[in-house]
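Form predicted alone, single chain, as structure tokens, below.
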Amino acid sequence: MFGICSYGGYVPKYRLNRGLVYAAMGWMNPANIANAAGEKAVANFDEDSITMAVAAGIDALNGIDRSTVDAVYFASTTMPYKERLNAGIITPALGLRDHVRAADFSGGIKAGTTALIAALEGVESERLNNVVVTASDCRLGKPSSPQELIFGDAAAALIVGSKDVIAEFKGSYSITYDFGDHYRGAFTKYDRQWEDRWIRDLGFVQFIPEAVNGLLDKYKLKMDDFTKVVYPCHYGGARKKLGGMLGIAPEADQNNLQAELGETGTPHSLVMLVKALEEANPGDKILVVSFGSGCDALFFEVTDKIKKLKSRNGISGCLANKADLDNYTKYLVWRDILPGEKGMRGEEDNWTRWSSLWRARTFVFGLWGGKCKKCGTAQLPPQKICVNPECGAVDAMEPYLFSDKIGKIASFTGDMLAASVNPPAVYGAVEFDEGGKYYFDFTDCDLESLETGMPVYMSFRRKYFDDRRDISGYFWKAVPQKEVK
């Protein structure tokens, strides 16, 4: 048996009410009132498709021995790098060993399910086991466009393997078309699309049934065999029409989360799948369909192992942990749509020293410190000599992972002079219970909400962006840990 062994999800904390967007830009496109209901998930200023994929991957790896992972597949159409392995950044950030296979999947928003199929086939061949499949997107719509209101940001991750399988893979069916619905050139910032009726009537309404019926015929199945049907389609009328054409019972139609977070692109089918798995019971059959330059259709059957899966945040936990982004112009500055003045300090030339990054890569990407083999004291950053005054052992350290540890705020400050698109810049010292103390930026919070002794967890974020060289630099930040009710 092989299939999905674990799942994880990530939705950014901030939500932007679509009504605020329409109030600001509706004068230019009044017809957008049709897309103005609900809210969209918005990545923070220091988040991108890589950081969100890492967050979802960490959630999926909860309770799994990271040394058993053989591969990392990353799917996105908004990767920060065109020539640099994006999955190669995600791999150490997940605390995985170097000797793994890593690959990027892109080019169309069904790349997430294509990466999942590749992982499933690799496990089936017994050449790979425990493959992390991550998918994430931060697609941009031009201000006043329908896409600006429709799109949202999120990530999903699945662990594919042959041990403790919670959803057995039963089969798939794929179709591929060079269908010009959404497209971006090599140097284009914003998504562009052809006419809505073209996308609805020739795209969704023809391609999805073609893929679904192909899978049903191939495996001698009927639609009512499935407990849940996962398929992306934000057009309300087309979704209703598809449900009727395919014979999907209302209770089997998985919520597409358009009102809660928006159309997330590459990860969307997997985001919906994670939400379905959170609510699944043993014996449930789940049909998963993606859309974009064709379709992938996948068939899973839930096993009794799902009841033994360790609790994780998932999509539901992220949806519950949210805060309003009550300023539309802040979103525009965060996405570099509206230029903002960061002061003279923002003019500093922050360029990456690749040789220095290479030497410090385990600390920078993985937040690996050390632990003294003699006295057991953990220390961050890594040290040659044990910091315990009663020990002082030399060269007696073993690697110790801090990215999954909870720390406490030892001190903090707000800096209005530091270059930031979200002033004030908030940073301070974090002390870990096991030992180790380091200075971190704080994120997903405001200065007034912080206090010393408050627990924080580590989150992989974009530390800086070098706009002269188009380089994103990454490190870990501290996020206040709050109980979600």
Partner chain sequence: MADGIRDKVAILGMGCTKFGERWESGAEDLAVEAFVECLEDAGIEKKELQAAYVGTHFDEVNVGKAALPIALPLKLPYIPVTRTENYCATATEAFRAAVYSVAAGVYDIVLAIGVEKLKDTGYGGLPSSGGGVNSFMMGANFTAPGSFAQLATAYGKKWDIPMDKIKDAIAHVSAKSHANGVLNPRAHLRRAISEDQIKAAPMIAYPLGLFDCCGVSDGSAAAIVTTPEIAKSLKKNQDIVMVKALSICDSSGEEAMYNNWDGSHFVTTRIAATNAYKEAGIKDPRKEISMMEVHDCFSITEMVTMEDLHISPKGGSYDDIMNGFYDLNGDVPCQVDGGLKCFGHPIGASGLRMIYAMYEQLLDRVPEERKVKNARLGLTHNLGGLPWMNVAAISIVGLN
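Note that the structure is predicted; figures quoted are calculated from it, not measured. Residue numbers count along the first chain shown, from 1.
The form predicted in complex with its partner chain exists for this protein as well; it is not shown, and the discussion that follows is about that form.
Partner contact region in the predicted bound form: 409-417, out of 211-219, 309-317, 409-417, 227-235, criterion any non-hydrogen atom within 4.5 Å of its partner chain. This chain is drawn without its partner chain; in the predicted bound form, the residue among R345, R127, K163, K374 with a heavy atom within 4.5 Å of it is R345. Checking Y81, Y177, W194, F363 for any heavy atom within 4.5 Å of its partner chain in the predicted bound form turns up a single hit: F363.
Residue contact check for W27: none of its heavy atoms lie within 4.5 Å of its partner chain in the predicted bound form. In the predicted bound form, its partner chain lies within 4.5 Å of some heavy atom of W351. When its partner chain is considered in the predicted bound form, V387 lines it closely, a heavy atom lying within 4.5 Å. Taking non-hydrogen atoms only, I64 never approaches its partner chain to within 4.5 angstroms in the predicted bound form. The three marked residues, L380, Y438 and Y464, each reach its partner chain in the predicted bound form, with a heavy atom inside 4.5 Å.
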